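Take a look at this single chain in structure tokens; it is the form predicted on its own.
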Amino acid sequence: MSPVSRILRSATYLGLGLAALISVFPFYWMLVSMTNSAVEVANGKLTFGDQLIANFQSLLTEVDMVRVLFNSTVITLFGTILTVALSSAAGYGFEIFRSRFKDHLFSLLLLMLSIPFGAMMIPLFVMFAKAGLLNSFAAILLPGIASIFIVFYFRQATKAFPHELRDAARIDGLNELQIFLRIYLPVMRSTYAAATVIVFMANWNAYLWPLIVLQTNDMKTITLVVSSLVSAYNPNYGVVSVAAVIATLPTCLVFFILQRSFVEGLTGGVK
């Protein structure tokens, strides 16, 4: 190997190492901070301390974590299941069935992606207020169930679905619902895994809309709790870090469980 090639390789490894360090450091800082007091965190202590139990106890005295985690779990699980189920069915229908109005309707849906959510917040809030659904799980779940992006994602993924399987299933006497459940779902499982990770993280980390419609403490989610702890007059950053770690664990767990299928789904893998 020539000296120039060695220098280039060393520079590449150095750059990748630096990028990895920059990416990992915030997580390390969060883990370290949860074990230190607020003063030590403010002073920039980079080693682990002995305040983990005290910070955790302080968090439990300030926040009803059982209720908060229950709220986030219900919203995330139901939101993920409903969104993936309805959006996948819509994406399947847009690609498989033929209609002269289908492409026009789909183009209209894609056009709606250009509308920022901030422009729709006030009409949505008024609509849910008149329906008496404020401060409820329904107010969080309903606006995001039919995700245009996930519908688009499933339609694009369905283009790789072998139509010969559908034709063979119809010859065997299966109706369209049976084809969708028995043939399409198993074949497209990597696509479902990728969509599940995307939707799960979006629902778990949702902040702005829950902040608007959830108006009592017993309905708060984990992201709202972390925000309220940070915005306190004298925030305890050790306690904030404990809450942040708890808020991060579920999304990390889901991603690591589905990471292989997630990558396959993003690259168009069909089994």
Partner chain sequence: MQSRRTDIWGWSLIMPALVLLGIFMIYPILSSLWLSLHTGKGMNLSFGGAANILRLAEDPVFLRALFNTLLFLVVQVPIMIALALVFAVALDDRTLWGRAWFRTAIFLPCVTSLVTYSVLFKSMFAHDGVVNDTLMFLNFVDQPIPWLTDPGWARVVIIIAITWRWTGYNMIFFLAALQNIDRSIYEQARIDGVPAHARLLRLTVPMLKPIILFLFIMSTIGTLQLFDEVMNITEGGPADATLTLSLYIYNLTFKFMPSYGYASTVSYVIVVLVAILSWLQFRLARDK
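Basically, rigid core = biggest C-alpha set you can superpose within 1.5 Å across the two forms. Numbering follows the first chain given and starts at 1. All values reported here derive from a predicted model rather than from experimental measurement.
Omitted from view is the form predicted together with the partner chain, to which the following refers.
For the candidate spot formed by G49, F137 and I257, no residue has a non-hydrogen atom within 4.5 angstroms of the partner chain in the predicted bound form. Of the listed positions (V74, V187, L165, L142), a single one reaches within 4.5 angstroms of the partner chain by any non-hydrogen atom in the predicted bound form, namely L142. Between the options R182, K130, K159, H104, the residue in contact with the partner chain in the predicted bound form by a heavy atom within 4.5 angstroms is K130. Using a 4.5 angstroms limit between non-hydrogen atoms, A244 touches the partner chain in the predicted bound form.
Using a 4.5 Å cutoff between non-hydrogen atoms, M30 counts as a contact of the partner chain in the predicted bound form. The partner chain in the predicted bound form comes within 4.5 Å of a heavy atom belonging to L8. Although the partner is absent here, I212 sits close enough that one of its heavy atoms falls within 4.5 Å of the partner chain in the predicted bound form. Residues are counted as partner-facing when one of their heavy atoms sits within 4.5 Å of the partner chain in the predicted bound form; in 87-112 these are A89, A90, Y92, G93, F94, I96, F97, R98, F101, K102, L105, L109, M112, in sequence order. With the core held fixed, L16 shows a CA shift of 2 Å or greater between this form and the one not shown.
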